[in-house]
Structure formats: C-alpha cells, structure tokens
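Starting off, we have a lone chain in the form predicted alone, written out as structure tokens.
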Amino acid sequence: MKHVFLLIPILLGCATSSVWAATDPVLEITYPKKEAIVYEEELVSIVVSPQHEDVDTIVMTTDSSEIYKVHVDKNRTHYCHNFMLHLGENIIDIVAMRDGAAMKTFQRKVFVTSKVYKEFHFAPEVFQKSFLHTDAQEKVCSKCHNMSVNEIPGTAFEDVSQSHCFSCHVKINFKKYAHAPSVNWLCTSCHNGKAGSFNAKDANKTKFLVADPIESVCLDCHEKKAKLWKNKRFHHEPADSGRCNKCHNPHASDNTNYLRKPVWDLCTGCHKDKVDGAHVVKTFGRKMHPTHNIKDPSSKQGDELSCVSCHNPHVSNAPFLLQSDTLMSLCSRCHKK
C-alpha cells in the first residue's frame, strides 16, 4: 500500500502537466490572423510572440520546406520572418519548443491570389483579407523596426538599404527585371493609401493601400501613354479598365516589361481559343502562320514571335488591335520585298 500512495502524486503531476500543455498560453501569432489572403505578391510576414517562459526556440516551416528557426531572447517580445510563398493555399507550421521538444504546434494558412492564373483568381471563402500595416500592428513592429516613412517623393535612395521598407520587403525585387519605383524604394509613390472603385471597401484599413484600378497611379509617371491612348478607336479590356497590374507586375518580374507571364502564355491564358494558332490566315504554302517558338523578324532586339508582334496589347486604330492600320502594312513588318 505504501507504494500505491507514493504513486498517486506522480500520476497527479502527469495529469496536471497534460492539462497545462493543452490550456496554458504558449505562443501568440500576431500576424496573420487565421486564414489570410495575400494579393499577387508571394511574400508574407509571420509575426509571433512567446507567451510562456519555457519557450526557448521557435521553428516555422512552410509546405515548400522553407525553415526558419529562432532562439528566444528573454528580453525580446516578438519575432518575425518573411516567407516567399507559392500561388494558392500555403500552410505554415509554427512550433514552440523547449529543450528540443515541441511544447505546442500552431498552423497558419495563407492563400496567394493571381490575376493571370484562373485557378487562383479567388480564394475560398474561409480566407479573409489581412492587412499588416495597421496602427495596432505597427505598434508591435516598431519594437524592432522603424515604421516611419523616410523616402523623399521622387528622389531615389543613394543607398536603398537605408529605406525603412527595405529589410522586410527586399525579396519582392529578387527578379530579373525590377520596376523603377520598386527598385529605388519609392514605395509611397504607388502605395499612397488611396482606394479605387474596385477596392473602396478597404479604404482606411491600411495607410499603404493601392487603388484598384491602379491606372491613376501608373499614369502619374506614364502620362505620355494616356495622351497617346486617349483617341484610339479600339482598347484592350485590361487597359480600358485601368487594371495595368492584371498583365504587369508593378514590382518585378522575370519577364520583359514586368509581365506576369511570357507574352504568349499571358495572352493565351485568357484567349484560350487562340492556342492552336488557327485564328491566323493560312500562308501561300497553305500552312498556318506561326504565333510563337520562332524569332520575330520585325524585332530589333531579336525577340520571339508572339501575339504582340501583330496585336497592340493596349490600344489601336485598327480592328483586332492590329499593330498596323492595314493587313498589308502589318505583313510587311516582317515580309520585306
């Protein structure tokens, strides 16, 4: 009997430990909250705060196997890391650890949308918009980061790393081609906090909102385009609706002109009926005229033949947005006498 009584406190201790593990706050995920949507850019910040003194390590892992491990400093309240995600649903596991063992595991789901991949146009209903740059959130971030805007409008940084935006957002420029405002860290020239007709419901939710449609922002710099396009007879829908970022990435891209896909892939993403090239008249040899996979004879840069070799992607005075007013003048761009 003596041994039985000695065992009771031990069992009670184990039971207490199990209850603590299930109910005691261990880690708080400050951002993002639950299931979040990220629009277009595959960059997301995960912000966490240890809530128990025994937490000595935090490990974050994406479903693409990117791992970030941080050792907890008792004098620091929050930790963050920026992950590059993939389109669609991403799952990030966050584990609070003590002496190499998991105390508790958390999970966040983030959906990255895309304007050019139809399967990722819209996130499932469970996902909600989540803005990082809110007053409440920036109070947390300001413990480690300077959250003030230190850019001078229209003036590029001599040392871009001095931009207060640089350290957290630098990965968005890790592409072959970077747009001038982005690579020079003139962030607020576009992220001015103003809403457009398509995102009016988001007004005042973050000071770095960008108007949708984005045309008013783009044409502040590309004003010559506005004058050129104004009196043209035919307009392509993305340009006509002012949604320049439907085809172009305003930060950076691996494709020329900051396109979200290579030209032919981008166009046929919407115009799927043109994939086989059957819309082009037969040549004298009774073969279909090629639409890609050969060099464009009219290109001085040696570009590949694509939809824009014959069609203007923005506006035109010719039907079908042709690059020339007549079919013969169009053909003569490549077929010289």
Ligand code: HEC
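So that there is no doubt, residue numbering starts at 1 and follows the sequence shown. Definition used throughout: the rigid core is the maximal C-alpha set that superposes within 1.5 Å between two forms. Because the structure is a prediction, the values reported are computed rather than measured.
The same protein also exists as the form predicted together with the ligand; that form is not shown, yet it is the one meant from here on.
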- request: Answer with one of Lys34, His52, Lys69, His289: the residue that has a non-hydrogen atom within 4.5 Å of the ligand in the predicted bound form.
  value: His289
task: Please pick, from Lys175, Lys109, Arg260, Arg98, the one residue with any non-hydrogen atom lying within 4.5 angstroms of the ligand in the predicted bound form.
output: Arg260
field: Non-hydrogen atom contact Gln128 with the ligand in the predicted bound form at 4.5 angstroms
entry: no
task: Mark Lys224 yes when one of its heavy atoms lies within 4.5 Å of a heavy atom of the ligand in the predicted bound form, and no otherwise.
output: no
task: Using the partner position in the predicted bound form, report whether Ile92 sits within 4.5 Å of the ligand, counting heavy atoms only.
output: no
- prompt: Even though the ligand is not shown here, does Asn231 get within 4.5 Å of it in the predicted bound form, heavy atoms only?
  reply: no
query: Within 221 to 245, which residues have a heavy atom closer than or equal to 4.5 Å from the ligand in the predicted bound form?
result: Cys221, His222, Lys225, Trp229, His236, Glu237, Pro238, Ala239, Arg243, Cys244, Asn245
- prompt: After the core is overlaid between this form and the one not shown, has the C-alpha of Val44 moved by 2 angstroms or more?
  reply: no
task: For Asn317, decide whether the Cα shift between this form and the one not shown is 2 Å or greater, given a superposition on the rigid core.
output: no
message: Given that the shift is 3 Å or more, do the Cα atoms of Val38 and Trp185 end up closer or farther apart in the predicted bound form than in this form?
response: farther
- prompt: Given that the distance between the C-alpha atoms of Thr105 and Tyr39 changes by 3 Å or more in the predicted bound form, do they end up closer or farther than here?
  reply: closer
